[in-house]
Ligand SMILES: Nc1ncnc2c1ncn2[C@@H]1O[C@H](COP(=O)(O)OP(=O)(O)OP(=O)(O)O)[C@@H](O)[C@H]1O
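Take a look at this one chain, the form predicted on its own, written out in structure tokens.
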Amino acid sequence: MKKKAKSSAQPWWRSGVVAALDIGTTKICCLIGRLTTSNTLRIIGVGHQSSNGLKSGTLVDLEAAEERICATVDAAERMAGERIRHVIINVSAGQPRSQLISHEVAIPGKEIGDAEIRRLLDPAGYAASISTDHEILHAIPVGYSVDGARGVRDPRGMFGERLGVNLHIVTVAAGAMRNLANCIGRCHLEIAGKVLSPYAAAIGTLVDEEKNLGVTLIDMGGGTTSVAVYFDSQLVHTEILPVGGNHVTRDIARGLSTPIPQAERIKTLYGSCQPSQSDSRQMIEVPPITDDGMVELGTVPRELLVRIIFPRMEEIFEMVRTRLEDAGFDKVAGRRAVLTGGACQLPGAVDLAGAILQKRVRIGRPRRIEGLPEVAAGPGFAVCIGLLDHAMTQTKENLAQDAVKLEPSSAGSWSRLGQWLRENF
């Protein structure tokens, strides 16, 4: 059991140390980073464990998940030489829902400032459109309007009668969030922030030009495949499908009648989404399932393995295409797609995705960060890198706000009173 860290009265970001915790169906990863004097991020701790207690991203065994999370965080803390109290976590459970809503507030002839933006984005104004059994995970402005004129990127400094916004709202089931928070709390950690898994993967892998032109990110994990759609540099849609690399492994285990650990090994070493001319000649050793402990290796042609893998991978990409079409984002997302996550590394996955989605596809690897070991530089760690990026952005913003608050005001209390009156009347 993880020892309880000493509580600190200061906000979590002021230490300059941030921690990201990726809780997945097949693996749990913890990265600890420190803000350097040059205002960049350096990795100082890494923890990585196989997952337990989760199915398709959802908690099914609280104690098993708690044990693996504690072991992962402890490993990262030992490497970093730091005890952490707060973590940024990913969310893939709770049946996430993605919706775009429009919302307006009256601003009778006033100059639009921060106070008007805060009032517009206050959840109380649009909470009626959210299901009562769901809670808001993200509320992302994707465009403002002033007196009906749309396409405004930043309305501050403008004048008008009505200020509007298009919001991308992501909600998750409140019960699932309580279970996740309970599990994190049992590890004596506090949640500093929550990020939807595909959003975190997009932060970790996409480049600005892709976001601007429109792109679909597909994060292929062990238990889920999640989708994030960007248009005009904004996240406009998300999906999470309850199917992933584990389903391919189980198909292999059933088709070849071999234990699941051996099926995973065979998939990793010999698996492919596309057939080749040599498949019928290449033989693969397959350990059978036995009850006497004796292992008698059999052999099958690689062609059989490919015939097992291909239908499941084809199904996953067809499900992604169907969900995008149903939501109306198949064309909005442009002609580019990025695959990331551990399950995307099967040979032929890029070509298969491109053929089904009718897009140009690349593998998305997380950006290089100082101190990041090579083992954590692959697509399987995109979500954790994205979480750490998100945490560092929050840290820099909060530290900047702290600096502004500490600046002495030359005008004294009368200036502060005048500012308060302008913002509220």
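One-based numbering along the sequence shown. What you see is a predicted model, and the numbers here were worked out from it, not measured in a lab.
Although it is not shown, the form predicted together with this ligand is what the next lines describe.
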If we define contact as a non-hydrogen atom of the residue within 4.5 angstroms of the partner, is T268 a contact of this ligand in the predicted complex?
yes
Report yes if any heavy atom of E239 sits within 4.5 Å of a heavy atom of this ligand in the predicted complex; otherwise report no.
no
I'd like to know whether E264 contacts this ligand in the predicted complex, with contact meaning heavy atoms within 4.5 angstroms.
yes
T26: touches this ligand in the predicted complex, heavy atom cutoff 4.5 angstroms:
yes
Among 135-143, 342-350, 109-117, 168-176, which stretch sits within 4.5 Å of this ligand in the predicted complex, heavy atoms only?
342-350
Name the residue from V338, A228, M220, V195 that puts a heavy atom within 4.5 Å of this ligand in the predicted complex.
M220
If the cut-off is 4.5 angstroms on heavy atoms, which of these, G33, G364, G380, G386, is the one near this ligand in the predicted complex?
G380
Within 52-91, the residues having any heavy atom within 4.5 Å of this ligand in the predicted complex are G57
